[in-house]
Each structure stands twice: as structure tokens, then as C-alpha cells.
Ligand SMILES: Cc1cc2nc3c(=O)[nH]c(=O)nc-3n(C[C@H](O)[C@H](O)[C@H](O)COP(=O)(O)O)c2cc1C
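There is one chain below, alone, in C-alpha cells, taken in the form predicted on its own.
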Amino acid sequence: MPDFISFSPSDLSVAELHKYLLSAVAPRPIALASTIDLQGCVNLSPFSFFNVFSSNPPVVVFSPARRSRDSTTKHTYQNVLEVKEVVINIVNYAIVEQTSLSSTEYGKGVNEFDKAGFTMLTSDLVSPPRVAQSPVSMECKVDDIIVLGKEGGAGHLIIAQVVRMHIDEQYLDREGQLDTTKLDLVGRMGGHWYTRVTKDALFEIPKPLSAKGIGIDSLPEHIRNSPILTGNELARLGNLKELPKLRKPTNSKMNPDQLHREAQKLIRENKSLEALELLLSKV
């Protein structure tokens, strides 16, 4: 069994806990949020406390937290209190450095579009502009703002409903859907680290949507306790909808380890059924 360190959040300073949380909960998508105040001053700032939480209605949530050093709030939060609208611009590798630059804490009234070299496009249904260089932009109306605390590090959950989307056509596939391999999205990690969703980093996992997987617990004991197969590989076998019908056992010249390594090779070639048949055929 692994050795763990365990603690309560209250045992650490906010800064220490922040580092653990951001390194552990990653990669996180980045919302490049454009907002506007009542005077018409535009603000642009990235937030990685962000995700989509509903499709019907389409809802996104992001959280500009209070500054740890003095508990003050950010211009984005101040703006949505005045004008309950925001544009969420999705960040890919082509604009990640500009996005990072826009996180600089410029003074009130400074337009980060200009500082980061982004082009403003007029939105259709909301006041804040959108980022021309972003592959996907979502115009949103703010439904609710939930204050999570008054101290430094406390978040403000901004719950916003998407009212219009804009997608750069160069990122669509032949069927008109967003192409993950073309998007080249980035994710925020801990510290100064980011990750890039390149084609080499992508993999697919078949899911039993129409039939339930048999589960790892349904596999024979000699397979469940394999010293070769990993938990992920056992899950591939447990993802099959049924155990294959047992064939007549064969006398194999392979020892158990060799047999399991051959099955492992088949699993990694997306031949899970063949792998399980091989494992079940051993006398």
C-alpha cells in the first residue's frame, strides 16, 4: 500500500493549500472572460476555475477568487455585479501566451485586449466584446453569483447561461463538429505549468452506453490478480458486455506471465475481446 500524508485544510496556510489544490485538480480548462462596467470600460482576464455544467439550459461556471494577499476582488467580479454579462473565450495553444499576459493586474480602466494584442469583436447579444483569435466564444447572461467567503482565496461562483456561440470554422471537421485534434486546447496545471492537448496526447476509451460492462469482479481470479495487467487494462476487460463463451482449453507453451503479456499487447491494440479469450483459453 502507498504511504499518504494527510491533513485538514485548516492545517495549512491559504497559499500552501492553493498549491496542492491547483496541482491535484488538473488540467483545468481556461475561460478567457471579457466583461464590461457601467462606464463602458472593458476587462479581459483568464480563469481556470471554470467548466460547463449543463447543456439544457447551456450553463458555464467560473470563479474569480479574492486575492490572497489582501482579500480584494478582481475587476471581472466587480464588472459582472454592474453588468450581468460575460463572454467566455476558449483558449488554445495559439493564444496561450497572450492569455497569460492578459492576467497581469493592470489598473482599473486598462483594456487587456490592447495589452495582450487581442482583437475585439462586437458581440451579438451582450455588451462585452469577444476575442477574435479565440477558436470558440460564448456570449453569456449571468444568472447568479454565489459568494463563497470573505477572506483571501475565497471564490465567487459566476453562473452564466450561454445565449450565443461563435466557432471559428477552421476548427470544424467534415461533419461540422469541433475537431479536438485541430483545436489544440491547453489546460492549466499547478505552478507555472500548462498542458497542451496534442494529437499524440489523445486517446479514446470505449464506453458501454447501451449495455453494462461486466465489471472487473466478474473476471476469473487468475485474471483479476494478474501481476502483469494494470488496473486500466483490467478495466478494459471489465468494460466488455459479457464473458466470451469458453472455448476448449488449449495447451499453450507460454507460461502465465508470457500469456498475460500477450493479452496485454492485445488490449493495447484495442483487442480486448481477443485478449480475454486468450486468457480464458489457458488450461
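Only a predicted model underlies this, so the values are computations on that prediction, with no experimental measurement involved. All residue numbers are counted from 1 along the displayed sequence.
One more form of this protein exists, namely the form predicted together with this ligand; it is left out here, but the text below deals with it.
Against this ligand in the predicted bound form, the set P46, T76 and E105 is in full contact: each member has a heavy atom within 4.5 Å. Within 4.5 Å of any heavy atom of this ligand in the predicted bound form lies no heavy atom of F113. Taking the partner from elsewhere, K241 is found to have every heavy atom lying beyond 4.5 Å of this ligand in the predicted bound form. Residue contact with this ligand in the predicted bound form: R188 places a heavy atom within 4.5 Å of it. The closest heavy atom approach of S63 to this ligand in the predicted bound form falls within 4.5 Å. Checking 254-262, 47-55, 216-224, 231-239 against this ligand in the predicted bound form, the stretch whose residues place heavy atoms within 4.5 Å of it is 47-55. Although this ligand is not shown here, in the predicted bound form the stretch 13-27 places no heavy atom of any residue within 4.5 Å of it.
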